[in-house]
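There is one chain below, alone, in structure tokens, taken in the form predicted on its own.
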Amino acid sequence: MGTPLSRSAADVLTSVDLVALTPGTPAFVAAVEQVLTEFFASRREIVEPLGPVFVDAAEALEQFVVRGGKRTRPGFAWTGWLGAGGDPSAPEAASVLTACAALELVQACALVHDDIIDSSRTRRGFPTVHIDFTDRHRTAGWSGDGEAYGSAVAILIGDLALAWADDLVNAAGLDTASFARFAPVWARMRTEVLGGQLLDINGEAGGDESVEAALRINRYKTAAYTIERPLHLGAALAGADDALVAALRTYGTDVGIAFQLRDDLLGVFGDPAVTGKPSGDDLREGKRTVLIAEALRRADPESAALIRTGLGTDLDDEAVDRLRAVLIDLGAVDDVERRITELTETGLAAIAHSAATPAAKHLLHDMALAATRRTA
């Protein structure tokens, strides 16, 4: 089941108090990063024989993964396991956390590829991977198209992240029964996130401006692999029954969509100093979000033309401000805020009436508010 970690999951986390570990805290982030750092170290014996260029690519992936992020997906997976009765003091707890950490590599794949698709230049305050390797090509004075080189390398780095996500799961040390419950959910999640990305690309190319299409993309591109399936994965590891899995998935879908709706608002109105991305970047990238779809649904011909003409162009700050004002005046921002509130409430209601442990219910309440009221 893949190349093992240089140390077992229990050895890697021997200094971590798994019983006290709470998602969203610095201690949880540090524990996940400890797993990831050890995993990257275990890959070096595979990477080094391929030569310096592959070493550089692997190091770029490692830096991308370990230098930022709230570890949201592992947090929800760990909470799903706890909520279904998982015991953090049990011997298998370290293996469970290791498998949860693999979600960060799926996330890395999605982000690296998404930045290429959206032509984004920064991520978390750093150059995106394809821009980084474009710059390396230029600095080295190599032949050929530097931008094409940067995109090609970034595609492969994203692919490597997805492959290594599987490797980390396989190296986690899960017992046979737990792995058998985990694997089908893992397979569905990977397919859903790729399918959601394709729906997004197709929606933009095909010009589908409906709110329904935007919500479908949110469901599969973000909600499924950010909250719904991580919770499902954790619950599966703990052997949860169908009723609890259904409640967790309802929460995950609703809060996951609300999470993306908040992201859509931040992509237009967020503070660059907090989000790490230029202000109004989603407008320049031409993203067909629920915010934009709702604005177009409400718009008169003049306002609709202004939105359609501006989206996906190199807008200056004044043009961004003008589009923002239109979105506010049309009531689209208020509508998205309403959706966020309603989805968060229905998600929380599903958990409140479920068989999840009281501690997990409390955690999921706080995590829902953190996901939907954030500023970055």
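Between two forms, the rigid core is defined as the largest C-alpha subset superposing within 1.5 Å. One-based numbering along the sequence shown. All values reported here derive from a predicted model rather than from experimental measurement.
Below, we turn to the form predicted together with a further copy of the same chain, even though it does not appear here.
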Original post:
Which one of L156, L265, L215, L296 is close to a further copy of the same chain in the predicted bound form, taking close to mean a heavy atom within 4.5 Å?
Top reply: L156
Original post:
Out of L50, A349, A325, A41, which one falls within 4.5 Å of a further copy of the same chain in the predicted bound form, going by heavy atoms?
Top reply: L50
**OP:** Please name which of the stretches 277 to 285, 89 to 97, 120 to 128, 134 to 142 has residues with heavy atoms lying within 4.5 Å of a further copy of the same chain in the predicted bound form.
**Re:** 134 to 142
**OP:** Could you tell me if all three of F179, Y220 and H232 have a heavy atom no more than 4.5 Å from a further copy of the same chain in the predicted bound form?
**Re:** yes
**OP:** Evaluate L199 for contact with a further copy of the same chain in the predicted bound form, applying a 4.5 angstroms cut-off between non-hydrogen atoms, and reply yes or no.
**Re:** yes
Original post:
Can A27 be called a contact residue for a further copy of the same chain in the predicted bound form at 4.5 Å between heavy atoms?
Top reply: no
Original post:
Might I307 be said to contact a further copy of the same chain in the predicted bound form, defining contact as any heavy atom within 4.5 Å?
Top reply: no
Original post:
Taking heavy atoms only, is T250 within 4.5 angstroms of a further copy of the same chain in the predicted bound form?
Top reply: no
**OP:** Sequence order please: the residues of 142 to 177 with a heavy atom within 4.5 Å of a further copy of the same chain in the predicted bound form.
**Re:** W142, S143, Y149, A152, V153, I155, L156, D159, L160, L162, A163, W164, D166, D167, N170, T176
Subject >> Core-superposed C-alpha of R308 shifting 2 Å or more between this form and the one not shown >> reply: yes
